[in-house]
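Just the one chain here, laid out as structure tokens, in the form predicted on its own.
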Amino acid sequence: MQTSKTLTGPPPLESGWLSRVVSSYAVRTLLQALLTIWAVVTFTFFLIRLMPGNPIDVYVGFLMNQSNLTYGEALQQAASQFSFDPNASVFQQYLGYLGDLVRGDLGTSITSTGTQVVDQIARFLPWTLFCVGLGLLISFVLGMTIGMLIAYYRNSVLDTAVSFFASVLGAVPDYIWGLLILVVFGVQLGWFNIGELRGTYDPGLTPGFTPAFIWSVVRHAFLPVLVYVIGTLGSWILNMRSSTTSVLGEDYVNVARARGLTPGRIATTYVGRNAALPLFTLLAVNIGLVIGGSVIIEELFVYKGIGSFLFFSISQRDYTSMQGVFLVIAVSVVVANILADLLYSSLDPRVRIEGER
């Protein structure tokens, strides 16, 4: 009697460690994040080199206008000052940049000889995070509170008035509000001296945790923060109102009322928590765009943050500084979206269970 032999091959891929690693949510998220950052870095690297002019051309024009030099004299002086070769191959520059980036080196500023880009970012970034982050936090909390309130009084006079006001706030760009504040309240009414509020703090003060320095920082940041709050408050109100109105019609809210739960517990545990879920994704996107969205406002109020630094780098065609700031923007957006996914899954168990499956 012959017995058939069962051919046993290698174990199926599903049971191997490689399959478990590839199917891991954390690994897939990390790979997707790295791919996104690489794509943004590559796109911005070639895009900024398509801009008309280069650092040497910009500086040559400046020397010819200020010092009455000839083009040849200005070109020779600029070439000796900048560590940038405009005749080098773009792909050679790209490969060199990627090699430095892998080692954690963002390069040296072209226009500020000897200054590391990472040092410049570390100098300007905290001011933007403080100013825009504070404005975004205030507008988010106010928007959720007001939006949830008018949702309970929907179709009333209060709902109509607040919704109209929020629509106006959301329709006007934030830099328009900044111009109105400067022109109306600063110039026409004279409520504040525009010149005294330039910068991030009074130039005569020494940075430190002293009452005078803290008050100066708050005073200089007040107007930019106010603009950020006004510019984003309307969208938070309308989104929270729409989300709350949808949640109020759900069956579990009616069941909670039938069980005799207090209105306060229903509003916080059942309505508020579920209505706020879609807003956390929007909050994450806004957090990631904090850095790039601060350029115009910081220029209006001469607030020395990363947006002002980016504007200066673009005007001077400082390629390495621009690449460093764009890299920070890309990383902040990617990290913010990952944190939003984690926060969303912690607030909504259904998302976490589906992800585990």
Partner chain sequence: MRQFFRALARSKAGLLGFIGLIFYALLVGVGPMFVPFDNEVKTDQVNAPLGSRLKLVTRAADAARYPSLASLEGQVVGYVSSSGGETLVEPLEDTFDDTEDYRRGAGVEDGLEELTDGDIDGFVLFSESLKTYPIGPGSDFPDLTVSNARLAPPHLLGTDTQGRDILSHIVNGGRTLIVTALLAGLISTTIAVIFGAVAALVGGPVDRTLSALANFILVLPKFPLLIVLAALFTLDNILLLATLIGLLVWPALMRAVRAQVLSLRERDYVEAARALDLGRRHIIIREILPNMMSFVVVNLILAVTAAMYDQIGLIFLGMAPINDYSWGVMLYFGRTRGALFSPDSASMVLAPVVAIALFQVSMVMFARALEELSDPRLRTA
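Keep in mind that what you see is a predicted model, and the values were worked out from it rather than measured. Positions refer to the first chain, counted from 1.
Heads up, the form predicted in complex with its partner chain isn't pictured, but that's what we're talking about next.
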| query | finding |
| --- | --- |
| Partner-facing stretch of 168-176, 132-140, 119-127, 210-218, counted where any non-hydrogen atom is within 4.5 angstroms of its partner chain in the predicted bound form | 168-176 |
| One residue of 90, 102, 157, 187 in contact with its partner chain, assessed in the predicted bound form (non-hydrogen atom, 4.5 angstroms) | 187 |
| 4.5 Å heavy atom contact, residue 163 and its partner chain in the predicted bound form | yes |
| Interface membership of residue 319, its partner chain in the predicted bound form, 4.5 Å heavy atom rule | no |
| Contact of residue 326 with its partner chain in the predicted bound form (heavy atom, 4.5 Å) | yes |
| 4.5 Å heavy atom contact, residue 39 and its partner chain in the predicted bound form | yes |
| Full three-residue contact with its partner chain in the predicted bound form, heavy atom 4.5 Å, for 52, 182 and 333 | yes |
